[in-house]
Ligand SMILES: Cc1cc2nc3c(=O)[nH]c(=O)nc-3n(C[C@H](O)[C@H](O)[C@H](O)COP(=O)(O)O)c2cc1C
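Shown next as structure tokens: one chain only, the form predicted on its own.
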């Protein structure tokens, strides 16, 4: 494999050794995959969602396999920001990898409080503000489907931190570009997209929904065409870097997202199929560039044409 491709990319002030990150909620906080993946080979670890207080998550069953993907209704289960800082973040500081913490909240004040608390800790390199989770009744996607609400959360987080702020956008909207503009107008340094699409499954033997909550978030290769389209649209609407995700399984998948306008990518559902998926995607993306004589991976960003 050729090693002469410059794989470095920038997300605001954050420099990554390569464009491949983990998608929040699919990689724990890194420790869970450390036996399989050398975290130092990744662009960044994006942690599971971290709230102000512990969140219990949704009742089981809360995962179901679908054609070309999966449904989840985990509900952002997490131990709270204090437990995260004491255990997960303390461990992540020992790893040679940038750390992006996914921030969640039931209210605008909770988002701001978590962001402020994390900003006082060493070892946090950026915040990903999750306004797009479809699996909670309060917060999450409720903030990500309205320009005004998305802007309010972004503004509140921006006021309490100097860390790079990445806002994670929801695909469950009529138009995603106005939401992207709303958060960048309030100081978001980057956007990440997409989170999961609302979906469901029904057990035809019992006539009951497969997930206890009824609906859940669809992820995996099934949503890749939708994700690519939304990255393409947002790239034309805002000037900040985009982190693209949604069904990335290979280096060529990652290249597609970058060609559509992404500066970096995140690998999610593939981690459940193959715990080494992230490094395989990074290696595949390097080979993709080397085989085409592309000297720097960032040359791919926005290079696709109709």
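Here the structure is a predicted model, which is why all the values come from computation and not from measurement. Numbering follows the first chain given and starts at 1.
What follows is about the form predicted together with this ligand, which we do not show.
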**Candidate site 49, 102 and 268: all three near this ligand in the model of the complex by heavy atom within 4.5 Å** = yes
* Asked: So, in the model of the complex, is residue 26 in contact with this ligand at a 4.5 angstroms heavy atom limit?
  -> yes
Original post:
Would residue 72 sit within 4.5 Å of this ligand in the model of the complex, counting heavy atoms only?
Top reply: yes
*Does at least one non-hydrogen atom of residue 170 fall within 4.5 angstroms of this ligand in the model of the complex?*
no
Query raised in the report: Looking in the model of the complex, any heavy atom of residue 220 within 4.5 Å of this ligand?
Result: yes
Which of 239 to 247, 276 to 284, 52 to 60, 35 to 43 lies within 4.5 Å of this ligand in the model of the complex, heavy atoms considered? The stretch 239 to 247
If we test each of 179, 188, 157, 194 for a heavy atom within 4.5 Å of this ligand in the model of the complex, the one that passes is 194
Note: exactly one of 89, 76, 115, 228 sits with a heavy atom within 4.5 Å of this ligand in the model of the complex, namely 76
